[in-house]
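Here's a solo chain for you in structure tokens, the form predicted alone.
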Amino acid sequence: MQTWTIKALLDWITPFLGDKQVDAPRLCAEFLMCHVLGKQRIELYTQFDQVVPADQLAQLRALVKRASDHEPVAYLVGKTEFYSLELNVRPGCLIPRPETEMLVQHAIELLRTRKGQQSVLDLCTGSGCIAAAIAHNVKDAHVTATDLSQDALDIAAENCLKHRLSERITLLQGDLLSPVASSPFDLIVSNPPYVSEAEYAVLDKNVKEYEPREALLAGPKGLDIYERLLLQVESHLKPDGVLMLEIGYLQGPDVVSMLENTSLFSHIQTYKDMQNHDRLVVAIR
């Protein structure tokens, strides 16, 4: 009979998920094992020879089967990491992506150049990943975060509480800026839905079949949310305020044109991600 040690399980799960074309199979195997065994990743390697009990083995096999069907591992384990913060995630919210950390980095760098308390607005907050990362790293920032989905806001509230940020992050339910008072902000950030209809039709199964459609799809060209946002932004951004938007890799020229057409901004710049794709637009009023 096979003795299932941690090492033996890692050596079985990794190629099994790889054969099913699951992205980053070794990392997925580690996350699933950490979840079931209640261990940190480093402990998997310092305790390679530990035998896994039958009850945990059964739980692990069930999760591996679901992962092999391309159910997102972050949903299976109920958490993910974003900008060095462990965040709760569930099917009611989009799973934070590493690409969005670029927006957070730019926001933090900007806020640290300014003195006094800074007011930040995070639109389409989802899990609260952007709001939490900014508030965690900029102690003078107060963040207001909005989302249309109450399920997403419930998860965001858990993450605020988890990282002791509830006093500096205000969560509001509503469409874009509609639930926000008229007081203008120093910085408005957003990672809104920006997937076009054509892109949505060919999304990977682990995204299309599990993550919320309303957090992804934004009309024929993926630009619907930007268009509506820019109609509302004037009264909510201070004279020297900054707008930061994550964008799809083909959307840079269109979003820049939309920003220019508002005549609100003195400087607009597009930034590329590690794959040399347009990913972030920063506009200074």
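Start at 1 and count along the sequence shown; that's the residue number. Everything numeric here is computed off the predicted structure, so don't read it as measured data.
The same protein also exists as the form predicted together with a small molecule; that form is not shown, yet it is the one meant from here on.
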For the small molecule in the predicted bound form, the stretch among 200 to 208, 146 to 154, 108 to 116, 71 to 79 with residues bearing a heavy atom within 4.5 Å is 146 to 154
Within 4.5 Å of the small molecule in the predicted bound form, heavy atoms considered, which of Ala141, Cys160, Leu94, Val180? Leu94
Consider the chain as shown here, without its partner, and state which of Leu176, Met102, Leu85, Leu171 has a heavy atom within 4.5 Å of the small molecule in the predicted bound form. Leu176
Given that the small molecule is not shown alongside this chain, does Val120 nevertheless sit within 4.5 Å of it in the predicted bound form, heavy atom to heavy atom? no
4.5 Å heavy atom contact, Pro184 and the small molecule in the predicted bound form: no
Any of the heavy atoms of Arg228 lying within 4.5 Å of the small molecule in the predicted bound form? yes
Spell out, yes or no, whether the shortest heavy atom distance between Ile188 and the small molecule in the predicted bound form is within 4.5 Å. no
